[in-house]
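As a starting point, one isolated chain is supplied in structure tokens, in the form predicted on its own.
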């Protein structure tokens, strides 16, 4: 991907992210990457499924990547914590 066609999932409503994905595809992107960490992973899956099933049934899931990031806690006595990540790539 020459451009960064990524949608980073956070705490906003699901339909905001669905609209972002649809806008990227209508803007000429052939691939869109949906990325999330931690508790937002379930919201990312909802975004992908709503986009595919309700709005753009011709989309295919190209790749799913999962991983873990180690975050440092800067409080006294804080140990590093692991946070799960997911990246789902959709293509036309």
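Computed from a predicted model, the values in this text were never measured in an experiment. Positions refer to the first chain, counted from 1.
Below: the form predicted together with a further copy of the same chain, not depicted.
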#### Entry: Any non-hydrogen atom of residue 28 within 4.5 angstroms of a further copy of the same chain in the predicted complex
no
Practice task
Using the partner position in the predicted complex, report whether residue 7 sits within 4.5 Å of a further copy of the same chain, counting heavy atoms only.
Solution key: no
Quiz item: Does the 4.5 Å heavy atom contact test between residue 84 and a further copy of the same chain in the predicted complex come out positive?
Solution: yes
Under a 4.5 Å heavy atom criterion, is residue 16 part of the interface with a further copy of the same chain in the predicted complex?
no
Of the residues spanning 44-67, the ones with some heavy atom within 4.5 Å of a further copy of the same chain in the predicted complex are 45, 46, 48, 49, 53, 61, 64, 66, 67
